[in-house]
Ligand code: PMP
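Next up: just one chain, as structure tokens, the form predicted alone.
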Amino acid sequence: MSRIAYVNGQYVPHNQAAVHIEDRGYQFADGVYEVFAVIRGKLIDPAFHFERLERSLREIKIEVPLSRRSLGLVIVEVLRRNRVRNGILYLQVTRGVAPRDHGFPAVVSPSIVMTARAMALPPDPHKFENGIGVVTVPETRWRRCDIKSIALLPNVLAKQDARDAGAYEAWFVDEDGFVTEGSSTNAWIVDADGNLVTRQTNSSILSGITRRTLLELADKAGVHVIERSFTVDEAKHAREAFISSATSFVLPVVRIDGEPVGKGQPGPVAMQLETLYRRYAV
């Protein structure tokens, strides 16, 4: 079955979907996006995603193109037309089409695009059972990582650095030696005292939707959580570490820059939270 995309009010074959060459998303990366996990035909945490989308749009002064209800109806149709039961839905909003100029155009309508594709969710169990490796890279992104911007070149380069090193993910490290987040994930450790630690939300990281849900699940399960920064050295000497995202759920980190974390195998806190999240999502 051919895939179908939604582009500015029209449902079109995926291989024919296009926006104008002067769309500001193409010219300036002037836009934002969301990635929704879809399990058994349902979005996971849709209200949180809509909330973050609206916040990102406000922060870069783009009007919300559709109400939540209208967006929801389009999403249902995109999933239906693509027959996606398990997979992801990608939603992107840009400032729109206008002659190329750095300043905002006086009159412009936002462009909105949606695509959906099937993929295995929950993710590959072998990665969870065996754990993954991460590499650390210098923080090279802009200082508004709280906005889910489509300007992802530093993330792309970091992810490729990880793949070139035979790792799954890259962790950005700021000028003070603290881990911010992964190229497409949030970063967590269990410290020497048994506390679950993840960086506090501010302009240095994206407030992950899966991160938000995991914090609630951990609290309900009696896991002591501290939102604070941690260094690379602390992570390497932690009891355990893991990453989280909409598509990876919880994945244990067993190596950082080639050095083993904890016992070099998935730890009990990551295993507990992965189980809790799967029950929540599935």
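Each residue number is its position in the shown sequence, starting from 1. All values derive from a computational prediction rather than experimental measurement.
Absent from the display: the form predicted in complex with the ligand. The rest refers to it.
In plain terms, the part of the chain that comes close to the ligand in the predicted bound form, with a heavy atom within 4.5 Å, is 202-210 out of 92-100, 105-113, 77-85, 202-210. Taking non-hydrogen atoms only, residue 246 approaches the ligand to within 4.5 angstroms in the predicted bound form. Using a 4.5 angstroms threshold between heavy atoms, residue 131 stays clear of the ligand in the predicted bound form. Shown alone here, residue 50 lies farther than 4.5 Å from the ligand in the predicted bound form, counting heavy atoms only. With a 4.5 Å cutoff on heavy atoms, residue 155 counts as touching the ligand in the predicted bound form.
Of all the residues from 58-79, none has a non-hydrogen atom no more than 4.5 Å from the ligand in the predicted bound form.
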